[in-house]
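Just the one chain here, the form predicted alone, laid out as structure tokens.
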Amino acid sequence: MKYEKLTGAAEYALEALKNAGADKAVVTAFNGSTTEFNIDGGEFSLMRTIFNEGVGVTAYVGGRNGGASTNALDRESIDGAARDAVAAAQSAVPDDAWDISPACEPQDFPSGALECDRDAFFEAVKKLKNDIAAGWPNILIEQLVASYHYGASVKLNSNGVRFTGESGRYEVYLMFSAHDGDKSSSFFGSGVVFTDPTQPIIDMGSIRADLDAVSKQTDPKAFHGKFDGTLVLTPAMFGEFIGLAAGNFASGGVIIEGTSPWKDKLGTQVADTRLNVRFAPLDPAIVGAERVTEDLFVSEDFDFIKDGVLQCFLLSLYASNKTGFDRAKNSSWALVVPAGDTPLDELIAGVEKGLLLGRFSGGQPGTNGDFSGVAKNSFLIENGKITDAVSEIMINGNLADLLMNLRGISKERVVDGASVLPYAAFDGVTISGK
């Protein structure tokens, strides 16, 4: 039986929590492995397989909750974790909003590539290394981490919820820079998640476009002056800015505290009417994403923003009980944004003055959404054309205003296994140099 060992550990842990004094309990027993090989400084440096297993437990006692975990499946270790979780719950502040998911039918969720084809994966990574050397000779791979992840789990709670699942995925993440004599670009990272190691990695995600861009950044120009212009976000940057807005305006903490400018915006327009944002772990383009939420509900795709209108907050069961708003139907960050109707070249051709943002280094936005940071791996856009790579250029704006000032969304989208995102251009951003 595939889950026999994990099921035995999870059932024992649930009983141990009850015996230790828990009113309600949640348990996850898991095991898995990671096979990885690395490239450092352009050469293969590591190949290994590591294994892990353990149990995570959460106890609920008199409106309090506490958690603990162990990296073993034996009964002595589980007993210790159960006692620790109950002790943590007993010392916590009571809050009636804490609860667990209701009973439902048992379900099993297999997903992704459940067997590792190590030989094919190694050959694919070797080919990627050779493709980069041949196509981008001024690029140095500072580090490449290629890994295959397998995991299985049994999740139970004391209401009778029982979910089993296993998933497998390949991941490649590379950090690189461009060099020309004593000149060099800023470092840059690009990654993909996938299930078929026989396909050329160079064609996945935005790796090819990222290498093209960084190879032209060995001699960035200092920018002097300041202007209000158009910020064109690469798909990765678009995802990062959506994440900043979601965390700043719609996450559990800011809704509970009442500090979000969107706290009264549910069902109203918060973005340009052309913007649609979904959290979609079940999308066929998303690899090995969440099938069960952190609160043990079956994950479902949902619209976050539809036609510019805010559809829901990103709330856990606790935050939902605390605020009275609906719980989010998944707890993943599997972002899917539909393509626009403008080719990227036309989008850029319409920009009089702006910046193509490749990487952003900034702090957490203010409560009102004001953001400020340094643009890295970026290019100026002047009179509809991408011109110089620039260094140490600042961008300032407001996230809420940004979403309302959408200029356009590209037809092209990047599918990297973790998200599906287009380029997007926004007006009204302050761009300044030294």
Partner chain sequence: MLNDIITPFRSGFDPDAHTELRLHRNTRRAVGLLSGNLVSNSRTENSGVSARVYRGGVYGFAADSETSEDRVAAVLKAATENAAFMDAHAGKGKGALPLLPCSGVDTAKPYDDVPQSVMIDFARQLDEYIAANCPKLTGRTISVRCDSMEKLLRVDNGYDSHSLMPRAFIYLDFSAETDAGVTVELYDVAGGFGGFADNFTDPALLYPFVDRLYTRLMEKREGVYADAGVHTCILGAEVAGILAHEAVGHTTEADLVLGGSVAGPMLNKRVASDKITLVDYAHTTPQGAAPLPIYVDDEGTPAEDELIIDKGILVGYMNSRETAEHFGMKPHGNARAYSFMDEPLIRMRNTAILSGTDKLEDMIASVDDGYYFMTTNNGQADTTGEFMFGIPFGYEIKNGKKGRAIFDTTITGVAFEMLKTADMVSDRMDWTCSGMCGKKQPMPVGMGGPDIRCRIMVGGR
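Residue numbers count along the first chain shown, from 1. All values reported here derive from a predicted model rather than from experimental measurement.
The same protein also exists as the form predicted in complex with the partner chain; that form is not shown, yet it is the one meant from here on.
Chemist: Only one of these stretches, 105-113, 304-312, 204-212, 142-150, has heavy atoms within 4.5 Å of the partner chain in the model of the complex; which one is it?
Modeler: Going through the listed ranges, the match is 142-150.
Chemist: Report whether the minimum heavy atom distance between Thr7 and the partner chain in the model of the complex is within 4.5 Å.
Modeler: So Thr7 does not count as contacting the partner chain.
Chemist: Indicate whether the partner chain has at least one heavy atom within 4.5 Å of a heavy atom of Ala89 in the model of the complex.
Modeler: Looking in the model of the complex, residue contacts with the partner chain include Ala89, since a heavy atom lies within 4.5 Å.
Chemist: Hey, in the model of the complex, is Met404 touching the partner chain, heavy atoms inside 4.5 Å?
Modeler: Flag for Met404 set to no.
Chemist: Using 4.5 Å between non-hydrogen atoms, is Gly428 touching the partner chain in the model of the complex?
Modeler: No, no contact at 4.5 Å.
Chemist: Only one of Asp341, Asp119, Asp264, Asp180 comes within 4.5 Å of the partner chain in the model of the complex by heavy atoms, so just point that one out.
Modeler: Contact check passes for Asp119.
Chemist: Looking at Arg169, Lys155, Arg359, Arg327, which has any heavy atom no more than 4.5 Å from the partner chain in the model of the complex?
Modeler: In short, Arg359.
Chemist: Quick one: which residues from 168-190 get a non-hydrogen atom within 4.5 Å of the partner chain in the model of the complex?
Modeler: Going through 168-190 in order - heavy atoms within 4.5 Å of the partner chain in the model of the complex - the hits are Ser177, His179, Asp182, Ser184, Ser185, Ser186, Phe187.
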